[in-house]
Ligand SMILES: CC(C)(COP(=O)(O)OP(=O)(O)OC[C@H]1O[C@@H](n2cnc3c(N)ncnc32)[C@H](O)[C@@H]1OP(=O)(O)O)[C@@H](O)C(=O)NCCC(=O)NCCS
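One chain follows as structure tokens, the form predicted alone.
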Amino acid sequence: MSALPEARPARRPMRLADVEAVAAIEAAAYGHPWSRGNFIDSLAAGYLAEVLTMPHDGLLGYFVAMPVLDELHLLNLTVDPAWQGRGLGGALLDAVEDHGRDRGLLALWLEVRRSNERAQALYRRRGFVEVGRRPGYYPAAGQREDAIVMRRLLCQADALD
């Protein structure tokens, strides 16, 4: 007797047709979400952007990253709140890192809200280290919130010498 294969999430490039679903996840996940225009502008600029989908469940998450010289800057990585805690954020982060390595980039950079301890824990488990802070970087309820700047090297340390 053979079992049916279990459905697995699939990644593909983000398209303009995805922006409505992406913006809906963004609004569900954050108090101060990116706008539709931020995603449209990122696609128009040619940034690296992919979505994670599941048959019958639609879009589960996405990332947007910007290559700059010999580095990659992760601008947004989000998993639908209904799908969080299932390893999808790690899978998206793997994809970002793989894109950076495939391009021979030296490091992956990101900013994360000081209050987003869950994301910080993921990044630390994955080898990111805090390298600085950006005071008042993010909008927050009636004020601004600091960003923690994190970096992960994508190549061997001796390649940096």
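This is a predicted model, so every value here is computed, not measured. Residues carry their position along the shown sequence, with the first being 1.
Below: the form predicted in complex with the ligand, not depicted.
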Within 4.5 angstroms, counting heavy atoms, which one of the listed stretches 125-133, 37-45, 65-73, 95-103 is next to the ligand in the model of the complex? 125-133
Evaluate Glu111 for contact with the ligand in the model of the complex, applying a 4.5 angstroms cut-off between non-hydrogen atoms, and reply yes or no. yes
Non-hydrogen atom contact Leu59 with the ligand in the model of the complex at 4.5 angstroms: no
4.5 Å heavy atom contact, Asn116 to the ligand in the model of the complex: yes
Is there any non-hydrogen atom of Ala29 lying within 4.5 Å of the ligand in the model of the complex? yes
Using a 4.5 Å cut-off on heavy atoms, what residues in 56-79 are near the ligand in the model of the complex? Leu77, Thr78, Val79
